Structures are given as structure tokens and as C-alpha cells.
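So this first bit is one chain, no partners, the form predicted alone, shown in C-alpha cells.
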């Protein structure tokens, strides 16, 4: 009876996974075997391994890695300070709050901030540096991407730090370890699962960015996400777009396996 009830509760979950995870992946794989004229072909997979798409793949991984590293460098100290401040839940809410705003609205807000007559250039003019080309650069793309993904890196790290037994830190200090040694040998290793979860939450979606590459980077940054959008919406080559998506899904699965908890 208990097993039957448990299986009944699993039905909505299995149905959801089948309809919105498995079925879309099957459709993507199916479309990847057809060319722009609807003929069955393996040419899309051969084309993916040409220098153009290989360069695009490397560029996607490079920018995703930069976004993840900078997000981690900002998020870890932020999460650490949050665990040691008063009203930590309020501060955590303020960090999460921007993630509730539509991504398109945030992108247009940064266009205004980084534009020629925006706030950033007004500050540069005031300090005597002069107007600079901030928008449509690698800097603006990485900066905005890090800003968008920061909450997804902070949350798992914050949870890991909250679960850390403080007596372990006290014991390390009592034994004569410096603050840096305590962090390096005690705090960071014990919160590595939170770091892995945060890196997953940032690196995987950063691989497929496309809206920010157009609005903030001005198409100077070409990623796999941009290529998929172009093939589906512009060139109407659904087969090539689906092929890129297949390799993107494979890459995401490998990343999840490598950074997953093996315990």
C-alpha cells in the first residue's frame, strides 16, 4: 500500500520530466539529422567540427569560464560576510531581488548606464578620464553577465557556509592557524559542495547566452547560444541549430557529472 501511494505521487513528476525534459531533447536530436531542405543528413554533425564552429565553441567555454570565475570571486566573500552580519536574511533578499526582474529590462538598464551619455561615462568625465567606449565591449558583456548570475552563485555558497560547524573554525584558530590557513584548509574544503553547485548554476547557462551578446556586446561576442538563435530565427536552418544544441546539452551533462557530488 505504501509503495503504491509513493508511486502515485511520482506520476506528476515523471509526467513533467517526460513532457518538458525528455521530449524536447528527443525533438532536438531528431531535427539535428535534417538539413535546411528537410532531407535526412549527417552533414550537420560534420559541419559542427569545422574551424568556424570549433572557434565558436571555444569562445563560449572561455567566456562562460570567465563569468563563472569572476562570479565566484565576488560571491564567496559576499556569502561569507552575509553569514556574519546582522539581518542576514534581509541582505540576502536584497541580493536575490534583482533576479526577479526581467532579463531584458536589466539589459536595457545597462545600455543606459554604459552608453556614451550614460552614468558611467558621466562619472569618468567628472574624474577627468573622459568619455570611453564601455558598451559593446568584452568588459561590458562580462560585467553584466556576472551581475546577472551573482545571486545564483551566492545562494549555494551561503547555504554551505551556514551549515559549516563553527567549532571546526574555532579549533583551527586555537591550534595556531592563521585566518588564511583556516580558510584554505578548513572553511573552503568544507564548503566545496556549495562552490560546485554555484559553478554549475552559473557556467551552464552562461554557455548558452544570446540576448546579452546582442544587446550588451553588440554581437562582438559570438557564442553557441547566439548561433542557435541565428539558425532557428534567421537562416531557418533548424537542423544545424539543433545540432549545436545537441552538443551544448552533451557539454552541460559532462559538466554536471564532473562537478557533481560523488559521495
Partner chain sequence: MNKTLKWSNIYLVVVFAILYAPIVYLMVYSFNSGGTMHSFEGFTLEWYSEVFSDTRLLIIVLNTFVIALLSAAISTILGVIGALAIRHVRRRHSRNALMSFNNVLIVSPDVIIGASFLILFTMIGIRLGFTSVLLSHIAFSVPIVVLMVLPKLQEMSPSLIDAARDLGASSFDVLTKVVLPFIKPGIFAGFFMALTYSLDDFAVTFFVTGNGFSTLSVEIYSRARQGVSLSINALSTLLFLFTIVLVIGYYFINRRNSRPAAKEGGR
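Numbering follows the first chain given and starts at 1. The term rigid core refers to the most C-alpha atoms you can superpose between the two forms while keeping them within 1.5 Å. Everything numeric in this text was worked out from a predicted model, so none of it was measured.
What comes next is about the form predicted together with its partner chain, which does not appear here.
Here the chain stands alone, but in the predicted complex its contact with its partner chain, taken as any heavy atom within 4.5 Å, falls in 210-218 among 210-218, 54-62, 40-48, 190-198.
Using a 4.5 Å cutoff between non-hydrogen atoms, residue 36 does not count as a contact of its partner chain in the predicted complex. Within 4.5 Å of some heavy atom of its partner chain in the predicted complex lies at least one heavy atom of residue 110. Its partner chain is not drawn, but in the predicted complex it has no heavy atom within 4.5 Å of residue 237. Interface membership of residue 258, defined by any non-hydrogen atom within 4.5 Å of its partner chain in the predicted complex, is ruled out. Just one of 186, 134, 74, 164 comes within 4.5 Å of its partner chain in the predicted complex, counting any heavy atom, and that one is 74. Contact residues in stretch 7-25 (any heavy atom within 4.5 Å of its partner chain, taken in the predicted complex) are 9, 10, 12, 13, 14, 16, 17, 19, 20, 21, 22, 23, 24, 25.
For residue 254, the Cα coordinates differ by under 2 angstroms between this form and the one not shown after the core has been superposed.
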